[in-house]
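Next up is one chain by itself, shown in structure tokens, the form predicted on its own.
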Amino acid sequence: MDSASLDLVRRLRQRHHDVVEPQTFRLLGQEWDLLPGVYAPNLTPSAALYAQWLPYPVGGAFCEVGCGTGYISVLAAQRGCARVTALDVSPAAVENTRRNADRHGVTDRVDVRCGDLFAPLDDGDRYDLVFWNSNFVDTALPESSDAMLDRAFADPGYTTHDTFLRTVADRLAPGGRVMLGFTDLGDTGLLGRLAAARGWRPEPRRRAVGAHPDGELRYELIELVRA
């Protein structure tokens, strides 16, 4: 990653660290809770893009990896998914998602669990769509006061991506799909090589350029298909 891109990530990360009190924000016409230490969808235009681009499996099962505030998981329930599982390694994010599920009256359909990737799931859990707005920065960031929050930004060497690519097939129902949120700050070449080694091929489904206070980025919804 070049220095300009790294500076952009640092500025965006600092804006997240500046959130030190619980807040609310509006997104897609609804009000949402935001807790300190949780990735803030309102700080980047990708949040609304992914929410509108995802092909929610109406009547089916949806799994969100790295749920953060849980807005995607809540929207999945609102848009007709019969069963939604929201996963995050951060206890703060898990609490945040539970608050938003309660705020919007979907706690009966949104099951929130804490742990790394698919570790919190039961053996038989399978999904029609698995989505991860991945921590696509492949460069280690300078240490900060909140290492858990920093995991929402960076995955040095894409070790977590590789684990995801190795294990996600075991979590798919017949005909199930896998999608990633990604940007041009990510290493598409590395993602492609890791995916190929695990039997996947990344295919962009939607793209858009968005501007925010920290700079302009190209956002992508990538589907992983069997190679």
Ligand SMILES: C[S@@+](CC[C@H](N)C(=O)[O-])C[C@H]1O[C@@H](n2cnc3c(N)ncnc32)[C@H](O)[C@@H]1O
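We number the residues from 1 along the sequence you see. What you see is a predicted model, and the numbers here were worked out from it, not measured in a lab.
The same protein also has a form predicted in complex with the named molecule, omitted here; what follows describes it.
- When contacts are judged by a 4.5 Å heavy atom cut-off, Tyr39 counts as touching the named molecule in the predicted complex.
- Contact annotation for Arg83: none of its heavy atoms lies within 4.5 Å of the named molecule in the predicted complex.
- Residue contact check for Ala152: one or more of its heavy atoms lie within 4.5 Å of the named molecule in the predicted complex.
- Within 4.5 Å of any heavy atom of the named molecule in the predicted complex lies no heavy atom of Asn96.
- By the 4.5 Å heavy atom rule, the three marked residues Val130, Thr167 and Leu224 all fail to count as contacting the named molecule in the predicted complex.
- Screening 182-190, 58-66, 198-206, 169-177 for residues having heavy atoms within 4.5 Å of the named molecule in the predicted complex returns a single hit, 58-66.
- The partner is not shown here, but in the predicted complex the stretch 98-117 reaches within 4.5 angstroms of the named molecule through a heavy atom at Gly115, Asp116, Leu117.
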